[in-house]
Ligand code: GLN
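Okay, so here's just one chain, in structure tokens, the form predicted alone.
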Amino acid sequence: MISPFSALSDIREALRNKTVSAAEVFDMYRSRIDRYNPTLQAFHTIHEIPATFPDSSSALAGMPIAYKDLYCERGRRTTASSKMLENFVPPYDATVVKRLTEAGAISIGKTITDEFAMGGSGENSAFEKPKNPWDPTRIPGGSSAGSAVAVSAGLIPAACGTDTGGSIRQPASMCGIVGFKPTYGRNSRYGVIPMASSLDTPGTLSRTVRDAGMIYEITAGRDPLDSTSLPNRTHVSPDIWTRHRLDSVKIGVPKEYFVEGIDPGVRTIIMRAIDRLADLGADVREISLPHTEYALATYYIIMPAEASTNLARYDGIRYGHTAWEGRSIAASRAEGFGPEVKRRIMMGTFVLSAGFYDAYYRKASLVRELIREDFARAFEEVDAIVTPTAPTVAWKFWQKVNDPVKMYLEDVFTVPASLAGLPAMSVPVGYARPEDEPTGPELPVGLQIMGAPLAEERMFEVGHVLERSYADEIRVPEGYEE
């Protein structure tokens, strides 16, 4: 018997054994979307029920999946949660969408994102504002906010998101699910509306690590339509899903990630998770990533510079929102873009301008190489690196929206892996109360696991064994259990 919180792998098995039909699975999730989405606001667009369902022999056998509203789907509105693209209907599918569809997955709808994926809370959408199922007065994290909410509340078994500096991992941590970002270049970016092209990485939000691995095997691989895609094979050994221990696996804990600013409750849960890894047989050792302190500043130079370049195409002439009577390009952009997008365009234009390029963008690019070298040296000693995913649990709506620096600091633990192009994932490991609310609700905490480039399989192994040890401790949000 399956439930809305069943793993994708279990649903696939039930479909293959014909104990449930694809139509019944789709109807179960669709009815939950109809019931809960008006409150949670995870979806911006909900697709019609398909007339037919794929054969049960296909890899994903008619299973429903949701896409962050950056993934182009032919003939279906794709808005980037922005007024600039409010009426955009692409004539083609993103490569990830195409591969999942060929494997039998059925798109159930588009999930809300921070506008053009610019934000870490979900509050920057021009449309709906997704609510955290654990406490609807709190943000779900971002920018893959709707995808995280939909999976967490059991509205969908898995969803696709994008991760530029933590936009999959951070909301996964705050919503109590698994968030996976592969090595940069493993999943094609073709057909995914870009923000920062050297950082954007399509990935997944799911209930389990195994589900993330199952989708990864389908989506990853060389794509001639994306010059940055990598040719390496994507097979994941089925043996790793049978393991219960991590004997001989060397895991590094970077001392630079345990600094002031972490909520005490989050720190406690993370340290317990690290002790759990040792109990499972891992060789846990302290390591150093000395340039970590420069990662956030580096990211917030490179990312807006690339974003301002990518968003220059939205002028209301070639495509995008056009101001009334076509007054001017400036008017179209002023009306079409929200405050956070405008802020990052201005930051990016500044650091790329004559006289400032060498002082900012070029210097940031050099520091990025130092961060990569730190990780390369560390992975000569260890097989995986673990850290907190986020320094805090989910906060109240509008608590940080007027303080961009506080908001950006929430990315402090996720941006280094993005700058280095590493695979990384967040796995739920417990619950903590907000530092400023000692009697407040217990909210999810995620442990971040980082791997060497192209070492997704080892990262899955660590995450799966750890996840299995928490099987009796991880909960679903109250009110959505049935």
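Each residue number is its position in the shown sequence, starting from 1. These numbers come from a predicted model, not from an experiment.
The same protein also exists as the form predicted together with the named molecule; that form is not shown, yet it is the one meant from here on.
Peer 1: Choose from 85-93, 216-224, 300-308, 231-239 the stretch whose residues reach within 4.5 Å of the named molecule in the predicted complex, heavy atoms counted.
Peer 2: Every other range fails; the passing one is 300-308.
Peer 1: Looking in the predicted complex, any heavy atom of Gly166 within 4.5 Å of the named molecule?
Peer 2: The answer is yes: Gly166 has a heavy atom within 4.5 Å of the named molecule.
Peer 1: Please run the contact check for Pro202 against the named molecule in the predicted complex: heavy atoms, 4.5 angstroms, yes or no?
Peer 2: Contact with the named molecule, no.
Peer 1: Is the gap between Met118 and the named molecule in the predicted complex 4.5 Å or less for some heavy atom pair?
Peer 2: Flag for Met118 set to yes.
Peer 1: Does the named molecule get within 4.5 angstroms of any non-hydrogen atom of Arg344 in the predicted complex?
Peer 2: Arg344: yes, in contact with the named molecule in the predicted complex.
Peer 1: To verify the annotation, which of these, Ala153, Met195, Val97, Ile385, has a non-hydrogen atom within 4.5 Å of the named molecule in the predicted complex?
Peer 2: For this set of options, the contacting one is Met195.
Peer 1: Quick one: of Asn132, Thr111, Ser143, Asn187, which gets a non-hydrogen atom within 4.5 angstroms of the named molecule in the predicted complex?
Peer 2: So the residue touching the named molecule in the predicted complex, by this definition, is Ser143.
Peer 1: Would you mind checking 400-425 for residues with a heavy atom within 4.5 Å of the named molecule in the predicted complex?
Peer 2: Only a single residue, Asp411, comes within 4.5 Å of the partner.
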